[in-house]
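One chain follows as structure tokens, the form predicted on its own.
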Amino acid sequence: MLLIHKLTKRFGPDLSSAPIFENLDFTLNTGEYIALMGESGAGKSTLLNIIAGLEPATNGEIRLAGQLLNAANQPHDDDRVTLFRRQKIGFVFQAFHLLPYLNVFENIALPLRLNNWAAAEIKTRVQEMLASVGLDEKTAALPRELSGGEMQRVAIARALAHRPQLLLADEPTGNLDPDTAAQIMALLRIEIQRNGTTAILVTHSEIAARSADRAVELSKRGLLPRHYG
């Protein structure tokens, strides 16, 4: 379970600016997949970064499975947060962020190596993920040899390879054509369910949002349910 309690974010040297968002309270159940929507500048990516421990909150706290991830009233322990993020969180980005000098196998294997998986376990798990995303024949390919849709498939496989408790996806289809985007969203949904992962998808696309269990909108009034007609 992901628990967000009284979360506020302000910027500026004295934190005197108007809050990007304020006193957010939100619970995401284990295995639930939500779409996070809102206007540009509402703070969606900032919220993801705070959840991941990539930047601090001004006030409030975040817990995942009962463990404190981010709290404004406690010193920021970079080593602890980095280790927790490496073990428990997966990321899918709009710009893919594959390492250009690693092939497909090596990109997917990276989080497993960082988490000290044995070589045999890494080989088995990477092969499982390659099969899941339909890239069995692209094992040795470098990112520059892949299409945009294929690169995003690799990014999804890498993000889920270590079986994270939480997946954060920031506009993962923003650079893809509509048909490829639809394929990627279907794949993402399948893999989230298969891995039992709790997931947050930031998107502007209502089509993408409909793939989630529910949608919420981040606004000045807080996190509100997003309903479709």
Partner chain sequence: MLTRLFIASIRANLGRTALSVAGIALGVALGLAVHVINQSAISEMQQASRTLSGDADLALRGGRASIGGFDERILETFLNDERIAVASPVLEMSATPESFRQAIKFIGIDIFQAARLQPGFVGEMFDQNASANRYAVLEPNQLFLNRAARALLPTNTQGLPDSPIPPASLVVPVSLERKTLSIAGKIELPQFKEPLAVMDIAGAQALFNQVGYLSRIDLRLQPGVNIEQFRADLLPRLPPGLTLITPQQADEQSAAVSRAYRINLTVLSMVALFTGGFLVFSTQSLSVVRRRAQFALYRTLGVTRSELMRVLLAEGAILGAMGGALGCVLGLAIATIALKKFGADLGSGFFAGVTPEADWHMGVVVFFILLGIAAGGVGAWLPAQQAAFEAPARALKATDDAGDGAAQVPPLWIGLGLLLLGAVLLAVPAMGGIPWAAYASIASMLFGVIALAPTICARVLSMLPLSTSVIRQLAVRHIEKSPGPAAAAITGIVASFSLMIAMLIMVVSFRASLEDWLTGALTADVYVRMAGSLNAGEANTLNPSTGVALQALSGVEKVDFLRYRSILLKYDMPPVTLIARPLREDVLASLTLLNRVNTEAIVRSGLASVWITEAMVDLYGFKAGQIITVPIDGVARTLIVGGVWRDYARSNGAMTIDRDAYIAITGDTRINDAALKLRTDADKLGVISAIRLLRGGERLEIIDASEIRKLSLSAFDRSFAVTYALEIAAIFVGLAGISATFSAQAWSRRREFGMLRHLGMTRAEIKKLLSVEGALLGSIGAAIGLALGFAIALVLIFIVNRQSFHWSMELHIPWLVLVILSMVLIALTALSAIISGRFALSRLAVMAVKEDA
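Residue numbers count along the first chain shown, from 1. Nothing here was measured: the structure is a model prediction, and the numbers come from that model.
The next section is about a form of this same protein that is not shown, the form predicted together with its partner chain.
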Testing 183-191, 33-41, 59-67, 46-54 against its partner chain in the predicted complex with a 4.5 Å heavy atom criterion leaves exactly one stretch, namely 46-54
Wondering, does K123 line up within 4.5 Å of its partner chain in the predicted complex on heavy atoms? no
With the partner left out here, check for me: in the predicted complex, does some heavy atom of L110 sit within 4.5 Å of its partner chain? yes
Do R85 and its partner chain share at least one heavy atom pair within 4.5 Å in the predicted complex? yes
E106: heavy atom within 4.5 Å of its partner chain in the predicted complex? yes
Within 4.5 Å of its partner chain in the predicted complex, which residues of 79-95 have a heavy atom? Give them in sequence order, or say none. D79, T82, L83, R85, R86, F91, F93, Q94, A95
